[in-house]
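Below are two forms of the same protein chain, given as structure tokens: structure 1, then structure 2.
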Structure 1
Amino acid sequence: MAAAVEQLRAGARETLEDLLRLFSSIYFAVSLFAVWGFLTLIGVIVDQGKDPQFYWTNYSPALARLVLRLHLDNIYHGTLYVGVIGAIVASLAVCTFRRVIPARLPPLRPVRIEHIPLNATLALEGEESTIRERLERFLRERGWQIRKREFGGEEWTFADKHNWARRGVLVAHIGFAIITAGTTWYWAQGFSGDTAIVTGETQTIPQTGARIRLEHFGYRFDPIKTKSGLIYQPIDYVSQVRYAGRDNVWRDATIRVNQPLDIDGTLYYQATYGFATEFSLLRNGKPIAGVPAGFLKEGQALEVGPGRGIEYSQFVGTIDRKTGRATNDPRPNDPGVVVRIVDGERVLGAALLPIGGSIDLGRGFRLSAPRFVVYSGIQYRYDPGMVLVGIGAFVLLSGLCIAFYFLPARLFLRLIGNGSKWELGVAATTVKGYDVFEDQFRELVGALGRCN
């Protein structure tokens, strides 16, 4: 029984060692970063947190099906994404204690000087104390930190330069850990979303309960002449709003592009705008029961039967009075809307409907668009971990700069002999190999020989 238990323990220790060896592998860590980057890229490309209908409307059927079945619409909160981040943190921790600390912060111990590629031997004469004093003064004047240790009755001298820079990789690891803490905080408590507020209406943000009313929306277009003709460039668009946060006090505010509104720590950004249109559908001069009242935004539709509807496709700012066709001027001078008759995913027809006018759809149906209003598209985001991510990025960059631009080096010095005849053995190591320090070591040994 005892033998079986011991064998089980040995197997468990071997499995644990294999697991630690895997997580300390640089190739495994790089693979995890590659997977993390790929998943993050998917999150950037695929719109996150939208209703399923959004993907069916804006994506091809195959892509929408893929996004929804694999839950790519909420990838940052998915088990795979969080699991990969956890594995990266675990790998960094194992690498730090099994590889980085032993390699970057080696203990002071004697070495076989002749076995180190960068080594030299100098013959010196004089009193031992005098020679050691000259050596220490020589190294300190050149910025080396001196430490002495005795091993087996033999005194060793260790000299370090930029020894603090050995911790550069550790600092970078700490920076990534801080970034991970910030992103985890956002994952646990943060949120983002968007909403469209029609002029004169109030929207309530579901995550915070904040209420925002759009009082007025202002925009400006500038005509610009190009080789292809005259185009109208949007220069500025601004939302004048009233809002109430947790204190239930209404305040006036302005939301501009790159100038978000802060309500109880949640930032609201001016993202887009559009024109919401009121429609009226009659049949034989009478309103149709069940057709929703109110304003429709581009892409929305009036349902007039099973699978059949009238879709508000596009707002046209200016209709040419002579031709009755849409122009490229987006400013609402003689506005209209493009509507499409759809049956499922099949388009049966389209028409340009002037605002204030009406069109005959046949079979007694008449569609009119009495008026339009502007709506403002607002994006909002609450990210409590943003400060941590910023601090982590700074710490990570600092650690990488330390690791790449400074060269920690260590000298091993052993003085052996007796009387006035002594032999000084010198060897050097760095965290970046021997070639990068070869010229400096040769100059140092030459100067050391001339000094003594």
Structure 2
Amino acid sequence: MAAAVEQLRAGARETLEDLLRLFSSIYFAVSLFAVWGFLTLIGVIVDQGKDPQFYWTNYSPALARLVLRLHLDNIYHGTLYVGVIGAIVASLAVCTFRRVIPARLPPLRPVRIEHIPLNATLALEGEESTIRERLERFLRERGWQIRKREFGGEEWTFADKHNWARRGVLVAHIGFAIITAGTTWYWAQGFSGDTAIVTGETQTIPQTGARIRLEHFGYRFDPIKTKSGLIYQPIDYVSQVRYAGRDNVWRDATIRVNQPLDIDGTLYYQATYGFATEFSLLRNGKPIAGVPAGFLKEGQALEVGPGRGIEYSQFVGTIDRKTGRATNDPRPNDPGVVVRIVDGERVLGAALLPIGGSIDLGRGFRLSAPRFVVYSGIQYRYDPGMVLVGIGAFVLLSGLCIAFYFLPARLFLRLIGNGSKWELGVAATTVKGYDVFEDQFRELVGALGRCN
């Protein structure tokens, strides 16, 4: 029994060791990177977060089926994607402890000089102590840190440059881990949402209880002549609001793009705007039972029967009086709305209805759009991990700069001989291989030879 338990334990230890070995392999890490990159790329190419109908209409049936079956329509929040990022973080952690820390701070050990690709031998003459002193002074003057050790009665000199920078990788990895922690904190405790507030209306934000009233929404479009014609460039969107937070005191504020409003730590952003239009549908001059009158936003519909409706599909700022067609001027000079009569998925017809006017839909039905109001789309977000992400980004960058711009190198020096005839063996290693240091090594050895 005890033997079986012991065997089981040994098996588990071995499996764990195998797993740790796998997770600390840089090739495994890069394979995870490749999967991460591939999945991310799919998300760039395949439209994300649309209704299934969107894929059936815009993609070939086979592709739409593939996208929906494999959940490629919401790839970044899928189990596979989050799992790969989780595996990357796990791999990063395991690798940091098992490889980066031990490998990057190597102990001082003698080497077989001629087996290291960057090596040199110099014949020197003089007293041993004088040679050693001269050698050390030469290296110190060039910024090398000297340490000496004796191995088997032989004295070895080790010279390090940018030894501190060996921790650059560790710093970069820690930065990445901090960013991940910051974003996870947001997932765990943060929230976000959006709301559309019609002018004059007050909305209560469900998560915070904050109340926001839209006093006025202003927009500015400037007509600009370009080579491809006259365009109306949006210049400014601004919401004048009154709000009350936790203290119940009402205050005035302005929300602009790039200038969010902070209420009790939650930020409110100017995200979109639109025109809510009032519709009225009459039959033979009388209201129709069951068809509500009121304001609709773009994309909403008046239900007039099972599956049937009149959809408010688009607001048109300016209708050309001569042609009766929509122009590209988005400013509401002579406004109108595009409505579509839909039956299930089928569009039975569309019309441009001027604000204040009405159209005959046949069989005694008449649709009118007496007025419109502007609404402001506000996005809000509470993100407790923001500071961590900022710190992580800074740490990550510092690590990258340390790892890339400082080259930790080690020289191994051994003096053998006797009397006044000596031979100095020098070898060099760096954390980035030998090629990167070859020119400097040659120059260094040349200078060493000359100072002899």
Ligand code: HEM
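This structure is a prediction, so every number in the text was calculated from the model and none was measured. Every residue number counts along structure 1's sequence, beginning with 1. Between two forms, the rigid core is the largest collection of C-alphas that superpose within 1.5 Å.
Between the two isolated copies of the chain, the first is the form predicted on its own. Relative to the superposed rigid core, Ile391 undergoes a CA displacement smaller than 2 Å between structure 1 and structure 2.
The rigid-core alignment places the CA of Asp435 2 Å or more apart between structure 1 and structure 2. With the core held fixed between structure 1 and structure 2, Asp320 has its Cα displaced by at least 2 Å.
Look at Val46: with the core superposed, its C-alpha moves 8.5 Å between structure 1 and structure 2. For Gln145, the CA shift between structure 1 and structure 2 after superposing the rigid core equals 2.6 Å.
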